[in-house]
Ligand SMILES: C[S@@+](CC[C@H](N)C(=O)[O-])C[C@H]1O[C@@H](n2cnc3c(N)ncnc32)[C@H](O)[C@@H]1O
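Given next, in structure tokens, is a single chain: the form predicted on its own.
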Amino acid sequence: MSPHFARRVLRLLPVAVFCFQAAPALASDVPYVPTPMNVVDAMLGLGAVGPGDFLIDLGSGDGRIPIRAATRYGVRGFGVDLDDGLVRQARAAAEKAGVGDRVAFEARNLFDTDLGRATVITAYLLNSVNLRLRPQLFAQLKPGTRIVTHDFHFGDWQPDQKITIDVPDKAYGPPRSDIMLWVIPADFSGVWQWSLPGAGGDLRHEAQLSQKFQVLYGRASAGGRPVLLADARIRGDAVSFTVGDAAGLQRYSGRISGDTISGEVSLPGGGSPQAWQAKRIKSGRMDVSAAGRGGLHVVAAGNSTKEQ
């Protein structure tokens, strides 16, 4: 452990006895711990990073994540870090790897960084910093943008996917890491209407949807009669759900564009899926507020002052 890192840990230790609400961590309070390379590879793999992506690494340290993404997948992007020395080191490493024209590094506060160009965000930050960052992510990122974190989460916003890998050379805690993926969801909340052919002519359907992050729930009706709404799932700008009654289940899938969902529906009895389109007649608002603000505590686990 370097003297610089030890000083940073000592600064963080008093925080471990307070809840997040009382003592929120700042980006400058995150100690620099290099991400092991097998974790870097797992993060890029879980994020399905590819040549068309623009990656932004928050707290980029020595630049290993953007550099690996550029050399292995042809990705463009940049990293930000508050430490000028680490930024210079990252720039030199990018030039040495031959990707200085694909990735850049800036000494900048991540909270002052425009994230709107990103298709992928990577981060190895404390939980409390992630929670401060969360509103910025929803305000600036487009639906479908992937966010991959190492070990630390976004509170009550649950990941879309999580894997755990062995990390024998981990610098703190047990020799394993959680890698988590979040996908920014589009806002499907509101009242939607559409029609489908029925025995007596077109039958109007309506769904009243509410949304908490990527979790969708609500109720539906067909021809004015309540029907079951189930299995609702969101992935970026894509949605799927089932509507059903005694006559059977209708299975819907589609993508949102403004106040229109276009896609396909599979009707009871089999046959080929049919084109389907719904219009939003009343807008709602996706709930991205924090829950249980007083319940998030910073604790010391083993030799780590990282948060839980």
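Keep in mind it's a predicted model, so treat the numbers as computed, not measured. Numbers follow the displayed sequence, beginning with 1.
Omitted here: the form predicted in complex with this ligand. The next part is about that form.
Residue-level contacts in the predicted complex: of L86, V227, I184, I121, one residue has a heavy atom within 4.5 Å of this ligand, and it is L86. Note on the partner interface in the predicted complex: the residue among L216, L137, V167, L110 having a heavy atom within 4.5 angstroms of this ligand is L110. Contact with this ligand in the predicted complex, defined as a heavy atom within 4.5 Å, is made by all three of G61, R64 and L125.
At a distance threshold of 4.5 angstroms between non-hydrogen atoms, Y32 is in contact with this ligand in the predicted complex. Interface membership of L82, defined by any non-hydrogen atom within 4.5 Å of this ligand in the predicted complex, is confirmed. Figure note: of the listed segments 156-164, 208-216, 102-110, 88-96, the one touching this ligand in the predicted complex, with heavy atoms no more than 4.5 Å away, is 102-110.
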